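Just the one chain here, laid out as structure tokens, in the form predicted on its own.
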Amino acid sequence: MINKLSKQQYKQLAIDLDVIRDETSSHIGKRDANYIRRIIRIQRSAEILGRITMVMGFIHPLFWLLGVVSLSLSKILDNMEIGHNVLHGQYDWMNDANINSRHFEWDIACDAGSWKRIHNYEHHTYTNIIGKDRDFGYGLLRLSDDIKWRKKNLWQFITYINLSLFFEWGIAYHEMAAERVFIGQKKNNRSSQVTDAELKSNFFGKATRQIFKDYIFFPLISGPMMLPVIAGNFIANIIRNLWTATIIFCGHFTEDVHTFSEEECKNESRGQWYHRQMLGSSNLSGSRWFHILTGHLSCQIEHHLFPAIPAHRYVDMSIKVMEIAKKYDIPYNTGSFFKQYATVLKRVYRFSFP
């Protein structure tokens, strides 16, 4: 049961959270620019080290293993702390052509433009509103009683494992599936920002570039190490996919997150929107490097509240947000990685059945 606030409380909640946002925004500057540039240097160094040492596997297998670990770290940083946050426009104020949401492209199969349309706009506007937020279950998983049960849900745990293993491809295809580009009839209430031809062109174009880079170009220049390099690149992509999917599910689909109907969110005030973001999100506790590797999506509550604030500031903001949650008796869903992930698995399993 959702603990609803009074009209005056919603108004004051918006004021209180806006104060946190504005206070943090007033301090954004050189420190943030230095931070993201430092992370980019670490990411690029990890990729260079990974690709070189992987080829040196002919000297000793440990070099190949080091290469896989280093390349995995590079791909995780590129996807989470850099790509996700840059594409949210968190660093657009820098006016840096390479660290800008309008031009940035990340090292995954999903086209950045497609991701921004589905995630930045739809998900962050309609978070957990059944029928509006297409990220809730990604059209593959039933994670609430609000969604009609179908026979295919009986084996959705296997679907979840497959989605996690190949998460970049699921996200890449997400908009095309939602728009029913290849299969099914389009829903009458859906209007797409781009044509089907553009969706196909962007999807196949980005997919071709990713496959060429990881499975043709780098293996070919590796000479006799071609097959180990193909295997290493594949494993690095799988590790990145598993990590990304797991962190995202821990932020959105733990046992206690709430869902909402379109009806109850009509004419929503700013305070009600904030309230919905807090009820529909989960946090993870951990060390500084853990937060960095999650792209600070370990602070999913703060990310949903303040998506345009540089994410490395969320940990400090979370202390103040937690105090506000306590003030208004709003559940603040946080816990260790293993505790939260266990409830994700429980939710996936539980809603497999009618």
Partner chain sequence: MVSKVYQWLAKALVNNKSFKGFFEPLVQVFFPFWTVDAYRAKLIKIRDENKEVYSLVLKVSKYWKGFEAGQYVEISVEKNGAYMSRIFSISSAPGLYTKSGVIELTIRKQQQGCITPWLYNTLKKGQIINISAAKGHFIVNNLNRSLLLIAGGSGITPFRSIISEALRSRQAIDIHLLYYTHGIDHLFVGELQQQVEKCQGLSVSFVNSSQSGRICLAHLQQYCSDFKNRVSYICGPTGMIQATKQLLLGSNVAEEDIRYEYFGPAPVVNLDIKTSGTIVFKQSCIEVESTSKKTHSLLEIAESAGLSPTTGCRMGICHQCICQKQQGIVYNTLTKVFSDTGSEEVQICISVPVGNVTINL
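Positions refer to the first chain, counted from 1. Just so it is clear, the structure is predicted and the values come from calculations on it, not from any experiment.
Unshown form predicted together with its partner chain; subsequent notes refer to it.
Of the heavy atoms in Leu154, none are within 4.5 Å of its partner chain in the predicted complex. Heavy atoms of Glu105 reach within 4.5 Å of its partner chain in the predicted complex, making it an interface residue.
Shown alone here, Lys213 lies within 4.5 Å of its partner chain in the predicted complex, counting heavy atoms only. For the chain shown alone, Trp243 is not a contact residue for its partner chain in the predicted complex, no non-hydrogen atom being within 4.5 angstroms. For the options Arg209, His258, Lys200, Arg180, the residue carrying a heavy atom within 4.5 angstroms of its partner chain in the predicted complex is Arg209. This chain is drawn without its partner chain; in the predicted complex, the residue among Leu66, Ala33, Ile52, Val315 with a heavy atom within 4.5 Å of it is Ala33. Heavy atoms within 4.5 Å of its partner chain in the predicted complex map, among the stretches 146-154, 258-266, 244-252, 91-99, onto 91-99 alone.
Applying a 4.5 Å heavy atom cutoff to its partner chain in the predicted complex picks out Pro307, Ala308 from 298-321, in order along the sequence.
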